[in-house]
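Presented below, as structure tokens, is a lone chain in the form predicted on its own.
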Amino acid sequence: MKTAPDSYENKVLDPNMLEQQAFIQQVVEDLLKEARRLGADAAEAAASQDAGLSVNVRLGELETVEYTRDNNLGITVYFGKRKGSANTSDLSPQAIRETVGAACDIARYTTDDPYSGLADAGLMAVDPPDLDLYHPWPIDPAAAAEMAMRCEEAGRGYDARIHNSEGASLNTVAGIHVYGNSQGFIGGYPSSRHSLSCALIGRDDSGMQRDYWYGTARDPSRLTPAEEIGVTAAQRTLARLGARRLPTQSAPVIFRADVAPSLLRTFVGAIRGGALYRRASFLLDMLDRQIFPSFVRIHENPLLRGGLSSSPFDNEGVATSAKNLVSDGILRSYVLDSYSARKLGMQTTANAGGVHNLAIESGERGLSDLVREMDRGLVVTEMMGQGVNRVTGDFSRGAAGFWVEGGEIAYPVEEITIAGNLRDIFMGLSAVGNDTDIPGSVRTGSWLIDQMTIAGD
């Protein structure tokens, strides 16, 4: 068996990422060859390696510096319709043999599953495009700490009521990922991700409050400036001082753009293949049916250059492409990998591993416009707990935010619960704001919902 060099697992990520990709690709090829040697009818393998730096500061002092280097190798083998998988973080030749052997041993004891197997060969990505995902950041710990300190200092110095800090953190990571299978597909690409965050504590006569802000990007030159992140964290913290309780009532609710992504993720979870073939989703059998108002369009764009979740192929090697999940308010597509697609008698939607650069079409009005339109109600800026039943659609979560009177923010609120059913929440979506400049891989503005239950005193 041709193997990667014994020193591979100790190799630092090379500035020449083409060389690094060749090493990782060789590991994947070796996995597949060993699977064939042991008699597997089919196999798929993935290997990755990344390295990064994490720096944390607090109250103007350096707290931690951490270098990370992670390896991951996984192999799935098929003997007919019997499947076995194994993983390791050791990329040495011996580990390759042992990991493939373990997967084969597992497969021999599993039962036949008529839906298991590789994705269809005709769906594999051909000549995947370069999506501009790799921008390494050769920042040293001293410079990283200085940047994090500037971020925290800007926030702490913004107002005398900012009296404490949970610190600021800078993280940078870059690596390579390769996937291959026994149908002849093998592909990989390098990527990077960088982030800076700050969390602050404010205090006045009413008590203490905490909030944070952050920035994240593939390219470090596109990170939000450190001082701006710190000031935003301070402003968000100060806005929460003096929070009150609310009486129980029904009222319109705005999910601000930084919390609205959780609604989109809940929606995606309800149309995933696993939930559907288990018949454990409130959106079961809703394909080609109205689930949102007619103005709503929800889509993904895996091929967005520089996107935080862009990918030319999914975790099974299937070519990705832009598509609508919802258009004209109608559910147009589920989110399927090849296994769940076969269970449902459908074709994979190239979503093995999840959705990519999910977005909802924004409207023309900003958050302040939505607040004026709402006139009286609640703006949600934080949600707590996991009170979502994806089988029934029942939704109940702890929340904090701001109460609106006369189309203006009146005061902050806390220790409340918002509740409803997701079917009603989705159909009750009145508008989506244009305040979409929130860092992250989900793009959405604020959501205005026409009515929800608000539980308080």
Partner chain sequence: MTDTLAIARDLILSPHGLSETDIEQALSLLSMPDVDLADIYFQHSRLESWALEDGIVKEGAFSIEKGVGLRAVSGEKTGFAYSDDIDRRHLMEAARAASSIVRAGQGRHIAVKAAARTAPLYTFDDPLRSLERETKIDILRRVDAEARKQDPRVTQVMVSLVAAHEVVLIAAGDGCLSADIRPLVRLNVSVIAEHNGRREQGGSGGGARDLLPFLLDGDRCLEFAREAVHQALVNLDAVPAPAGTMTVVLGPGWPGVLLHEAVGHGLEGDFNRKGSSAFAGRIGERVASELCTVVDDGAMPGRRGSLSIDDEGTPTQRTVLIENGILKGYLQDRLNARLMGVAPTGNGRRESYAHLPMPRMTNTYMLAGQTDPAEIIASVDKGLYAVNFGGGQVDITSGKFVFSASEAYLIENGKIGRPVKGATLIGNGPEVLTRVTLVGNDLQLDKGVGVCGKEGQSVPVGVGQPTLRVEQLTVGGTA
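Residue numbers count along the first chain shown, from 1. These numbers come from a predicted model, not from an experiment.
Quick note: we don't show the form predicted in complex with its partner chain, though the next part is all about it.
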{"property": "Heavy atom distance at most 4.5 Å to its partner chain in the predicted bound form, all of Gly60, Asp375 and Glu408", "result": "no"}
{"property": "Segment assignment from 288-296, 77-85, 357-365, 223-231: heavy atom within 4.5 Å of its partner chain in the predicted bound form", "result": "77-85"}
{"property": "One residue of Asp112, Asp140, Asp130, Asp127 in contact with its partner chain, assessed in the predicted bound form (non-hydrogen atom, 4.5 angstroms)", "result": "Asp112"}
{"property": "In the predicted bound form, Tyr339 touching its partner chain (heavy atom, 4.5 Å)", "result": "yes"}
{"property": "Any non-hydrogen atom of Leu38 within 4.5 angstroms of its partner chain in the predicted bound form", "result": "no"}
{"property": "Partner proximity in the predicted bound form: Glu146 to its partner chain, non-hydrogen atom cutoff 4.5 Å", "result": "no"}
{"property": "Contact test in the predicted bound form: Ser197 vs its partner chain, heavy atoms, 4.5 Å", "result": "no"}
{"property": "Neighbours of its partner chain in the predicted bound form among 277-293 [non-hydrogen atom within 4.5 angstroms]", "result": "Tyr277, Arg278, Arg279, Ala280, Ser281, Leu284"}
